[in-house]
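Shown here is one chain on its own, the form predicted on its own, set out as structure tokens.
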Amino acid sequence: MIQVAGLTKAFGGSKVLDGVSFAVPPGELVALMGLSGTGKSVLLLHIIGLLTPDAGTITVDGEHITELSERKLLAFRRKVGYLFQDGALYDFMTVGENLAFPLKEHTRLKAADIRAKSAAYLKMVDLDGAADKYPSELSGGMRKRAALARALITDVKVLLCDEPTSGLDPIRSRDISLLIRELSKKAGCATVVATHDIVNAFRIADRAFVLDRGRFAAQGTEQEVRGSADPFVKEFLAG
């Protein structure tokens, strides 16, 4: 579903990604780990087509997105759900309206069907009864769950999560991590989670990749990553 080959990106002469390559098949969840500022979010923004690489190719669901026009990129992004670090819910809309918005914009569903689907997705993230609340009335964990429901509601093929446990306590971090895994597996989408939360990354990921200085210092299952002899990986995992 996702194929990245030789991805390179620099900002102001500083190389953030240096020939990164990896692939994610449908239904797999991978974690991108590394220190803050090492390019995890930059990699996600390339996959969704918001950044253009200096070199390399990105293919998602058979489309070479680096070659798409802006109009075709907009159509392509309907296949991708993005869970932002802060949730990025519209604060002037209720939770129900937040979920309904992408359905109104990108589908031809009738109003009654939109309400029904929004309610179903809120129930799926244990927020039934919260449709009429505004984001400011929700806790941090509830906002993340509402944002996750919105990211998935258009039946996406790819789910990208940027630091989904940021700002949450350990229990809420565990809960949102497990929910991401549960719902992405149910949807069968290829999922990439960018995080420096080592515990939860290994808790939910099928494979993990550790970024260091623009390259993958280690990749594979938890056992394979923990068995890496790379000095940075050892230091990073030691915390």
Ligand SMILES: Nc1ncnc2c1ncn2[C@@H]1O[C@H](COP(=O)(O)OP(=O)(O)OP(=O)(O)O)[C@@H](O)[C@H]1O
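Throughout, we count residues from 1 along the sequence that is shown. Just so you know, these numbers come straight off a predicted model, no measurement behind them.
The discussion below concerns the form predicted in complex with this ligand, not included here.
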Looking at V20, A217, V24, V16, which has any heavy atom no more than 4.5 Å from this ligand in the predicted bound form? V16
In the predicted bound form, is there a heavy atom of this ligand that lies within 4.5 Å of any heavy atom of R203, even though the partner is absent here? no
Do G62 and this ligand come within 4.5 Å of each other in the predicted bound form, heavy atoms counted? no
Using 4.5 Å between non-hydrogen atoms, is L179 touching this ligand in the predicted bound form? no
Applying a 4.5 Å heavy atom distance criterion, does G37 contact this ligand in the predicted bound form? yes
Name the stretch: of 63-71, 29-37, 183-191, 169-177, exactly one has residues whose heavy atoms fall within 4.5 Å of this ligand in the predicted bound form. 29-37
Heavy atom within 4.5 Å of this ligand in the predicted bound form: which residues of 147-184 meet that condition, in order? E163
